[in-house]
Structures are given as structure tokens and as C-alpha cells.
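Just the one chain here, the form predicted on its own, laid out as C-alpha cells.
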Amino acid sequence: METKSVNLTSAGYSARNLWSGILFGIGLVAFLDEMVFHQLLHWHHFYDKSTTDVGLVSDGLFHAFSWFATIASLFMVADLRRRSAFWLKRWWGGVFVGAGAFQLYDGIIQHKLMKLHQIRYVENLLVYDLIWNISAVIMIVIGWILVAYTRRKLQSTGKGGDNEQ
């Protein structure tokens, strides 16, 4: 009896599980981008169309954005766990979708269309762009498979997946 109510609760919160994962994925990949490519390797700043000082400020704002997204996601996870409605597999699907979507958005919109910055300022940028965008698509595909699996599970049982963790 208790398991059934937990599963029904989880089903009611499946969208929240997915969105908290997406938010966490966005925050995580933004944090890794900022830490690795901006701070450790010094390959670029978030905004490279001005002075270095402006670039550093833009990096700080980007870093703050990544942490706000991550912390907001973790508050959602804490609420889901409190309600016994946290669905780990669906959450991971959201993490991969969010991380991949943000990276693909960064690679196409910010790098190529808006030209805010490039991954690296070298002569042959194509290799970097391909690795960046292909890895983003792979993350989206992995996430989409997990989301589709959990959606099928939800539809077949009419319940959530707390027992699927």
C-alpha cells in the first residue's frame, strides 16, 4: 500500500524531476565550461568583444548564473526527496538533456551566430567546434533515451519510478 502511494506521488512529480535535472545539467556544464576553458586554460572569456576587464566581469556573471541554476535545482531535488517523489533515472535524463542543450546552444548561438567568443582562438577552429557540438548532441541523445524510457515506464504502469532508481 505504501509503495503504491509513493509511486503515484512520483508520477505526479515526473515533470519536476525532469526540470530539476535539466536545470542541474545547465548549471553543471556552465560551471565546467567556466572553470576549465575560462579560468584554467584561459582560452576565452564569456564576452570577448571588449577589454579583458569586461571579459572577466562577464565570466563572473556567467559563473553566478551556473551556480544559481545548480542551487535552484538542488532545492527542487530536496523538495522531491522530502515528498518521496525523487526519480533518479528521470532526473539523470534531464541532466544530460540540459547539459547537452546548453552546450549546443553555446556552440551554435553564442559561438557562431552572436560571436560572443570562440572555444579557442586558433587558425583551425573546426576541430574544436566539431568536438564541442558533437559531444553536446551525444549528451542530448543519452538524456533523451533516459527520458523516453522513464516516460514509457510511466505510461505502462501509470506510476512513477521510485523503484527504478
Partner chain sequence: MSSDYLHQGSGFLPDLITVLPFAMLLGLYIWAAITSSQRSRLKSWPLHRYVCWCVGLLCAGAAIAGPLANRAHDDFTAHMIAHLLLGMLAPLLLVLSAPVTLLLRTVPVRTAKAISRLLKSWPVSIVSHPVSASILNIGGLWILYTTSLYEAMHHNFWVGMAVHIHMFLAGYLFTAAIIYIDLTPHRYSFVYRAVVLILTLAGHSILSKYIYGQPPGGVPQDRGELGAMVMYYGGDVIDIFLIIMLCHQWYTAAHPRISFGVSQ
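Numbering follows the first chain given and starts at 1. What you are looking at is a predicted structure, and each value in this text was computed from that prediction instead of being measured. Here the rigid core means the biggest group of C-alpha atoms that line up within 1.5 Å when the two forms are laid on top of each other.
Below, we turn to the form predicted in complex with the partner chain, even though it does not appear here.
Shown without its partner, this chain lists F96, F46, F102, W132 as candidates; in the predicted bound form, only F46 has a non-hydrogen atom within 4.5 angstroms of the partner chain. Although the partner is absent here, H63 sits close enough that one of its heavy atoms falls within 4.5 Å of the partner chain in the predicted bound form.
Put simply, D106 is far from the partner chain in the predicted bound form: not one heavy atom of it is within 4.5 Å.
Among heavy atoms of I138, none comes within 4.5 Å of the partner chain in the predicted bound form. Among residues of the shown chain, Y13 is one whose heavy atoms approach the partner chain to within 4.5 Å in the predicted bound form. Residues of 56-72 lying near the partner chain in the predicted bound form, listed in sequence order, are L56, V57, D59, G60, L61, H63, A64, F65, W67, F68, I71, A72, the criterion being any heavy atom within 4.5 Å. Superposition of the core reveals a Cα shift of less than 2 Å for W132 between this form and the one not shown. Taking 2 Å as the criterion, H45 counts as shifted between this form and the one not shown: its C-alpha moves by at least this amount when the rigid core is aligned.
Compared with the form shown here, the Cα atoms of F46 and S20 move at least 3 Å farther apart in the predicted bound form. In contrast to the form presented, in the predicted bound form the C-alpha positions of Q110 and V54 draw closer by 3 Å or more.
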